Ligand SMILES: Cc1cc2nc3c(=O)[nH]c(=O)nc-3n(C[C@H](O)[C@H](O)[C@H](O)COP(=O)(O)OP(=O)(O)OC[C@H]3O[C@@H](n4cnc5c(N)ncnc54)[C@H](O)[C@@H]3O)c2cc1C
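So this first bit is one chain, no partners, the form predicted alone, shown in structure tokens.
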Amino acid sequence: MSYLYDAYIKNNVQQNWFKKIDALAEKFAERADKYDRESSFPFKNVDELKKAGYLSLTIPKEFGGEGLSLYEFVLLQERIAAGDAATALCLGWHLGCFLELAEERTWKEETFRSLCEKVVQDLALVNRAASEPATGSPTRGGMPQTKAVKQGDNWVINGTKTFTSMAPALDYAIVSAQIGDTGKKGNFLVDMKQEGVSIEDTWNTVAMRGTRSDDLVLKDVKVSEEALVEEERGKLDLPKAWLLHIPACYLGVAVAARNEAINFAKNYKPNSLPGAIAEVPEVQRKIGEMELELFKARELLYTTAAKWVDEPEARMDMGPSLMAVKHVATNSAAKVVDLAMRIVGARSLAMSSPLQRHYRDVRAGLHNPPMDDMVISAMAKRALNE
């Protein structure tokens, strides 16, 4: 499998981190079925990543972090996902928060530094809480129903957030809310141990079960004036390049399914054939299709991530390209998993087979932002506006 990764490892820093994560991902793969079956959060996986210093991967060096770029971020996330997709998706939200904040620097420096230090020193876990029952994905621009009202020197927040990944393990949440009656949206830093903060055990899905993306409920949560860490800026925002952790995750699932199918093809020898089914032309054709889908999607992912890092002056125009990566990668990943299951046949549907988990997990990628219709619309608009 080394050739899948060797082509994308460009320097010693990437090589050293990859070796460390590769070893951990092998362990994650051994536990993945258990976490999926129990729909339980992978605390042990996250603890091992904490000990490895992974939580600080995208925190700036000036604040004690590793200061690694988008490119390293997606490379390592893909490898983790090949071991356990839920673990990768969870850590992707955490690391993505800090990559975005490090690049945009929209927070007050002392506030950002303080949160970074909590991660570096206390190994705190952070995620954004933005989705809601009434608005769906925040990428579609709906106004949150969660509301923050000023009372004296404090804000009082009330509302419910859905799809809050890592809910049982979070230390801090960056909560989107309406700012009083201004019609504006802001983000508030909320300590999960604060009075009025609770988690409702609502996560009961067939895919990404280990993410424990339960509901976050805020009832009369009182935070300081400084908890309003950022206000909506609209068109001044950079494209959300950190969301490339989503296609990286699902490509990792596809790689795991591909490996399972190839190992099966090499070793399964029905008595109707002189050798393994890997010698059958139709099986080879399906393997070739898997390789082409992965090559296409991974080249697009890593080329785009490299451009973001190497050409910062081009970032404001990269929105449609970043969206296209997600569309191509998640759809290719779903096709790879389907092909893998066709190679293995009915055995892939057994609950003892990791392929049935990969099939369920990869479907979730089609519903992560940005959705396919938004991507296609953005590409059309770019073409028509030339």
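Keep in mind that what you see is a predicted model, and the values were worked out from it rather than measured. Sequential numbering from 1, following the sequence displayed.
Separately, the form predicted together with this ligand exists; it is not shown, and the next lines address it.
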property	result
Heavy atom of Trp203 within 4.5 Å of this ligand in the model of the complex	yes
Close approach of Ala130 to this ligand in the model of the complex, 4.5 Å, heavy atom	yes
4.5 angstroms heavy atom contact with this ligand in the model of the complex for His367	yes
This ligand contact in the model of the complex: Thr304, any heavy atom under 4.5 Å	no
Among 282-290, 156-164, 296-304, 267-275, the region lying within 4.5 Å of this ligand in the model of the complex by heavy atom distance	156-164
Check all three, Leu89, Met208 and Asp373, heavy atom within 4.5 Å of this ligand in the model of the complex	yes
Listed residue that, although this ligand is not shown, lies within 4.5 Å of it in the model of the complex (heavy atoms), from Phe188, Trp93, Tyr71, Tyr172	Trp93
Contact residue in the model of the complex, chosen from Lys184, Arg140, Arg105, Lys193 - any heavy atom within 4.5 Å of this ligand	Arg140
